[in-house]
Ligand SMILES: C[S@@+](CC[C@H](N)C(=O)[O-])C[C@H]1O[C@@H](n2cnc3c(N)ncnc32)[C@H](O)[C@@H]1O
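Below you will find one chain, with nothing else, as structure tokens; this is the form predicted on its own, and questions on how it binds or moves follow later.
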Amino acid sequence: MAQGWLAEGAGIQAEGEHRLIPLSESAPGSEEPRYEGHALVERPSLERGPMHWRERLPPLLLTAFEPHLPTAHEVQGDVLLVKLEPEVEPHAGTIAEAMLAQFSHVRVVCVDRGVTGPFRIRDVQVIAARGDDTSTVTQVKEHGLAYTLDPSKAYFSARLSGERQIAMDAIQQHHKRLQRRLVVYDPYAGVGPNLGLPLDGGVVESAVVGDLNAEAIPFMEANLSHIIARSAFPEARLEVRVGDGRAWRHDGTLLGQADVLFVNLPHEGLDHLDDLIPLLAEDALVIGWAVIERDEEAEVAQHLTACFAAAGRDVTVDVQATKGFSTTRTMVRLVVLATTGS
């Protein structure tokens, strides 16, 4: 590349265990000494295909419906989720085939009609598949860890990957502060991504996880058990519960034990705090996410401080906007370091 010898627009080809790198017309011939040990072969070039899936659509469809075509999509593992406007829904099959042709790693293309019901599960419909496998069960890799999931049965957002890394950084600091492995609770765990990094890193002594959505439980248990088995501390204990996390306060064995508590219930979590605070150990870290009105971070911080003060807790509260949720609302990250007041 530095010498201008690489042919632009021609792809690298495979030949057995070797890779064929395309040379430009300005590249020297076999007399170049730096080629020593490498054969020069002639092959038809692989020209670069369309740069965008829209280029694979029939020209008439592209011209007639371009303003209504999707501008974004989400890929979870080998499942592609795309939202379609009503104007182009009759052409969903053609759009899906164009996406399959463009994205070789995608197996299934689904229409995503948004989240529904109390568990905020995606309403998805398969519209095209590569081969006969139309299952929406897939495996997502994140931070070197694998999570098996089904977006039609349990909520998962790959866009929160960065948030999970930030949460891990906070947990690492708490681990160093306490100088021991931690007890971690996640009552709204879904398929388990919040616990993946802490368990893999070996900073967790035991984890109690649960979800109200029973269909998420098998994925959660399998994912976290697999991570523990290959982790830096495979002796970590995992307890899985089904049901409302607010009911955990009625189990005496769970009270006052959590060094770390996840509250990943963006639309309701702030209202659950009175039930969750009794679960906390004397020196505890609470990490959560909430959807709030824009520019109300200070008010939410005050609300959190008041909730913990009423329970006899001193707190350090950090509320940070992470991404827009709508034109009037935003997602915020809540990090609370809570200690028992004197």
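The numbering used is simple: start at 1 and walk along the sequence shown. Everything numeric in this text was worked out from a predicted model, so none of it was measured.
This next part talks about the form predicted in complex with this ligand, which is not shown.
**Student:** Out of H175, R107, R164, R249, which one falls within 4.5 Å of this ligand in the predicted bound form, going by heavy atoms?
**Tutor:** Selected option: R164.
**Student:** Counting non-hydrogen atoms within 4.5 angstroms of this ligand in the predicted bound form, say which of G144, G131, P86, P118 makes the cut.
**Tutor:** By the 4.5 Å criterion, the partner-contacting residue is P118.
**Student:** Though only this chain appears here, would A189 touch this ligand in the predicted bound form if you measure heavy atom gaps against 4.5 Å?
**Tutor:** So A189 counts as contacting this ligand.
**Student:** F156: heavy atom within 4.5 Å of this ligand in the predicted bound form?
**Tutor:** Within the cut-off, so yes.
**Student:** Would you check, heavy atoms only and a 4.5 Å threshold, whether L81 touches this ligand in the predicted bound form?
**Tutor:** Result no; L81 lies far from this ligand in the predicted bound form.
**Student:** Can G245 be called a contact residue for this ligand in the predicted bound form at 4.5 Å between heavy atoms?
**Tutor:** G245: contacts this ligand in the predicted bound form.
**Student:** For the three residues L212, P266 and H272, verify that every one has a non-hydrogen atom within 4.5 Å of this ligand in the predicted bound form; reply yes or no.
**Tutor:** Yes, because L212, P266 and H272 each have a heavy atom that approaches this ligand to within 4.5 Å in the predicted bound form.
**Student:** The chain here is shown without this ligand. Which stretch in 192-200, 251-259, 87-95, 165-173 comes within 4.5 angstroms of it in the predicted bound form, by heavy atom distance?
**Tutor:** Stretch 192-200 is the one.
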